[in-house]
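In what follows, one protein chain appears twice in different forms, each by itself as structure tokens: structure 1 and structure 2.
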Structure 1
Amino acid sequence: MILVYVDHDRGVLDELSLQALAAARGIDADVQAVLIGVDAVALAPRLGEFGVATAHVGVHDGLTDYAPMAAGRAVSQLAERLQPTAVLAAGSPRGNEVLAHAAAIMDEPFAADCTSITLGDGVSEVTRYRWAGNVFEEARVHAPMLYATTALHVFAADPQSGSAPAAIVEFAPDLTPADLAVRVLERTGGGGGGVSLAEAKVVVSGGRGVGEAGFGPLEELAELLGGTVGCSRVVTSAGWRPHAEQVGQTGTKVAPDLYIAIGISGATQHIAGCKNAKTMIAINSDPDATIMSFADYAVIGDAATVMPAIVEAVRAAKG
């Protein structure tokens, strides 16, 4: 049996977790899930569509929002009781964080961003991304129970037809005040809303070449195409856009149908976050910019001139 940590944000399922469930199904037909917090109860039955027979929901008075170490403690306690052959999660920032805590609590090794997993008797073999995906590492993990996260956008999260809803089993993790020392206490500012960057089918992304005041046309184009806005690290470092919009190795890794990069040079860290796009269009005034070698289509021109023209053309085409 494989246990998969399924993440959610106040009752909104993290679709990336479904990719981890798909990876688990490819290894073992017996897949169970673990979710944290009472808000997860309503999500659990849907997981049956993705091969989950039983969904365990950890409920505790202190688990009112994201608390990484507490979640890791809950996962490790459940794993110790169920004794699965592996504990998996999506290789998202939160998935990596929670499983790192769980593995550390159990004093077991942890393999992140795996593209393939082969379980063995005490020794598992994994292939995983290293150096922003530029290198594939093949490794043996010596542990009776494998803790690992799956590389994003490698495993297709396809539902299974005719599946029954997952059975819900609630459990109460034994948490200490130290486990809850780091947790979300309050959220301020506007909510996320709209299309999630990680799951968007269209991402319109801007870099230094767009300029601080030049994101208006990008927002218009993203809205017209039913997508969302992204940006490069230098943009968030300058404070022009929030970190939640950053695409890259230290931001969000995306795999949209269409990625439009405007005024982005194409640093290795950024390419690591968008190289899985099905189609990439690069708009840049520098024909020798690195990103041009990764683009399916290139437009040489200044963003301030090109973007309004594209927005008008798309608006006209949509009537």
Structure 2
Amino acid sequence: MILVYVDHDRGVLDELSLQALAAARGIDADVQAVLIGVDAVALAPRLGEFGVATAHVGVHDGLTDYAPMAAGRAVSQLAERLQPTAVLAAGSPRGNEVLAHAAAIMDEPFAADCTSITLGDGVSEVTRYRWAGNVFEEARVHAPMLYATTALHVFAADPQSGSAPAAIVEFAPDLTPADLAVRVLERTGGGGGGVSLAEAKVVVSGGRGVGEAGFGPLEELAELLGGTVGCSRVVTSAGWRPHAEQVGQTGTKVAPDLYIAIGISGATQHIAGCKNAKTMIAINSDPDATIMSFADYAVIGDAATVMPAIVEAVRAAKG
């Protein structure tokens, strides 16, 4: 049996966790899920569609919002009781964090961002990302129970219609005040307005070639296409755009239907964050820029003249 940590944000299911469920089902038909917090009870039955027969929900008075150390403690306690062959999660910031806590508590190894997993008796073999996916590592994990996360956008969630809903089993984790001390106290900013970069279907992204004053047309195009604006590390380091918009190894990794890279040369640190886009259009004055070998389509030209023309043409096409 494989136990998968399925994340949620105040009762909204994390779609990335469904990729970890797909990876688990590829290894073992017996997949169970663990979710944390009473808010998860309502969404757990839906996991039946993703191959989960039983969903364990950790319920505790102190678990009112995301609490990583407590979640890791709860997952480790459940794993100790159920003895799965592996505990998996999505390689998202939260998935990696909760499994790192669980593995640290159990003093077991943890392999983050795996692209393949082969379980063995006491020794498992994994392939995992280094350098945010620019380099692969083949590794052996020496542990009776494997703790690992799955690299994002490598395994596709595949729902099976007509499956029975997952059965819910509540459990009461044994948590200390220290475990619960690290938890979300409040939320600021954003909140309802705008599209999140990680989940946007269209990302209109600008680099050095756009210039500090050149992001207006990018914002207009993003709005017309129902997407959001991203940028390269150079742009945030220069203070032209907020860090929350940075795409890349140290920023946000995106996998939109369409990624438009404007005035971005294609440094490896940037490519690591956008190479999973379904379609990429590069707009660059340099036809030999590195980004061109990753793009599906290219426009050769300066963002300052090309972007206003594209905005106008898209506006006209929308009527």
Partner chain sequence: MNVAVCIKRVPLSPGRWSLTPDATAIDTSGSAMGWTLSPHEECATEAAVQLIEADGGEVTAFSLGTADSTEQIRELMAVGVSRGVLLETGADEWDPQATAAALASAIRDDATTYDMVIVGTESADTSGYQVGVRIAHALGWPIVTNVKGLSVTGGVARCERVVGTDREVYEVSLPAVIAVKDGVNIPRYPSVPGRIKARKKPIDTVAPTATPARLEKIRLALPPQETGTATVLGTGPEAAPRVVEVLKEIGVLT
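All residue numbers here follow the sequence of structure 1, with the first residue given the number 1. These figures come from a predicted structure and were not determined experimentally. Whichever C-alpha set is largest while still superposing within 1.5 Å between the two forms counts as the rigid core.
Structure 2, not structure 1, is the form predicted together with the partner chain. With the core held fixed, Ala213 shows a CA shift of 2 Å or greater between structures 1 and 2. Annotation for Ala244: C-alpha shift of 2 angstroms or more between structures 1 and 2, rigid core superposed. When two forms of a protein are overlaid on their rigid core, residues whose CA moves 2 Å or more are considered shifted, and Asp286 is one of them between structures 1 and 2. Superposed on the core, the two forms differ at Thr305, whose C-alpha moves 4.3 Å between structures 1 and 2. On core superposition, Leu224 has its C-alpha offset by 2.8 angstrom between structures 1 and 2.
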